[in-house]
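Quick heads-up: it's one chain on its own, the form predicted alone, in structure tokens.
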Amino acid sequence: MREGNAGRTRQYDAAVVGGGVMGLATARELRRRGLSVVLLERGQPGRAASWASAGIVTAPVGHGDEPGYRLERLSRQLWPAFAEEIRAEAGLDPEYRETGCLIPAFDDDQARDLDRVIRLGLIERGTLLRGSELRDAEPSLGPSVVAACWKPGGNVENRRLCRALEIAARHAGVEIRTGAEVRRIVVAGDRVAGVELVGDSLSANLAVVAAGAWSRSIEGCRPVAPVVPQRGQILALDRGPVRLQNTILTPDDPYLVPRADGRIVVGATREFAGWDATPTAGGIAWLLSSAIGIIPALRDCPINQIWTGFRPVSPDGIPIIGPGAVDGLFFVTGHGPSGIGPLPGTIALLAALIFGEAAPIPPEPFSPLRFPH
């Protein structure tokens, strides 16, 4: 950090707006590359959408030329090393675990559809399981599940990851300011000059907007990040005698995620309800009935916790990653329901774009400039 003259405005090489996993990981990476970095978080680091996530990491489904597929595939390749780096730097294990993932089929038509998708190569390393092979892979499944596709994957304990990333960023030398509400990105000419906060300001040559569902409210951005909040209702059960071995994924949710601490996370609804964070009877009932339909023994498990979060959703469902229309302005937001899974690939792509390096995947589909500016 450097001190200016008039008013002794604080000066940094980079200001990161938003302290979720995207902002924390971005700040850590910029500091590791030698920049002086301040992270500005309106609340507490990692306590918004990142805290509400299930942390699912899985092999992608789809065509290899799709932007989301490429980002998820890159991220899954990077996750083991990324998680180990964070553990070593923070001294806190984010509990990245390769449990495997199951996509259940509830009738023969769905089973045939899964088999066709696997044969077309649209599920990386996917295998269709039936009968005893399926029950051996996941003994807790109920009779409603007639087949399932197994694929590689697992999950990271998102709340431990949030804490570990914050510790790693602080150890790297990132200045983290909490309760720091950013009003606008300050632009001089056609380049970033700093950041204006409520009651304060600072100078920076680089600004990264990583404010999740709140990114749209930051003034001075060109383009405006057109994200909207999508409410997700989620709950956790104490697993009791249930020993869920795999992460269970259904195409449009719910998912069931086993945790190392004995909980099973069940989520999530996908609702456009503005900023109303209230859990609803209908949302929780749907999660519970769906989960019990897959794993009947869950009906006897105590409810550990219920919560909601706001995912940042872009108009086309593709994350917003890369430079804006102002020199020195970058965005990393709009990941929607994909949540934490694409984290390491996103940071690799963003860092390459910031430092003028070869991008690990084609960056154009993620460009903020695809929106009006």
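What you see is a predicted model, and the numbers here were worked out from it, not measured in a lab. In this text, residue numbers run from 1 along the sequence as written.
Keep in mind that the form predicted in complex with a small molecule is not shown, yet the notes after this line are about it.
- Among the residues Ile218, Ile123, Ala90, Leu114, the one placing a heavy atom within 4.5 Å of the small molecule in the predicted complex is Ile218.
- Although the partner is absent from this view, Gly232 contacts the small molecule in the predicted complex, with a non-hydrogen atom inside 4.5 angstroms.
- By the criterion of a heavy atom within 4.5 Å, Phe330 is excluded from the residues contacting the small molecule in the predicted complex.
- Val21 belongs to the set of residues with a heavy atom inside 4.5 Å of the small molecule in the predicted complex.
- Taking non-hydrogen atoms only, Gly212 approaches the small molecule to within 4.5 angstroms in the predicted complex.
- Looking at 174 to 182, 125 to 133, 82 to 90, 295 to 303, the stretch with residues near the small molecule in the predicted complex, meaning non-hydrogen atoms within 4.5 angstroms, turns out to be 174 to 182.
- Highlighted residues Ser36, Val38 and Pro368: none comes within 4.5 Å of the small molecule in the predicted complex, counting any heavy atom.
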